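The data below hold one chain only, encoded as structure tokens and taken in the form predicted alone.
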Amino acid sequence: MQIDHVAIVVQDLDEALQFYGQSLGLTVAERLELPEEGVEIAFLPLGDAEIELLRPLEAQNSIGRYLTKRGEGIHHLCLRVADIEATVAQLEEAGARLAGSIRQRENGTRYVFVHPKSTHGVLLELYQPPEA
């Protein structure tokens, strides 16, 4: 298990990329719009992990509501796991509560969120890349 990415919610993705890209010198590895999830995302590799910048596509979705309520900032921490089912089973056995079910992106990455009430206030995402 290792950190895959730290997700940061932003109001303006282009403006955020000016800071993270131009000011810090990070390179955008991928930028995509995911209408089914209601976000535009940019991934910026940083060592073995990434910074994920999230911009909500609409104010009414979960990321949009988060931005309205809390403002810009860290949204979640993502851990890469080798076996998402085994990790979820281990967490559920320990009493953790999931925020939804395991989903899959087009590229084969499987992911699920663990509710902040189970993780001492941090929204935790578990990621299983297709090669895992």
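Because the structure is predicted, anything quoted here is derived from the model rather than measured. Start at 1 with the first residue shown and count on from there.
There is another form of the same protein, the form predicted in complex with a further copy of the same chain; it is not shown, and what comes next is about it.
Residues Glu30, Val39 and Gly100 are none of them found to lie within 4.5 Å of a further copy of the same chain in the predicted bound form, as judged by heavy atom distances. Across the options 103-111, 30-38, 57-65, 71-79, residues that bring heavy atoms within 4.5 Å of a further copy of the same chain in the predicted bound form belong to 71-79. Shown here without a further copy of the same chain, the chain has Leu79, Thr87, Gln90, Leu91, Ala94 in 78-94 lying with a heavy atom within 4.5 Å of that partner in the predicted bound form.
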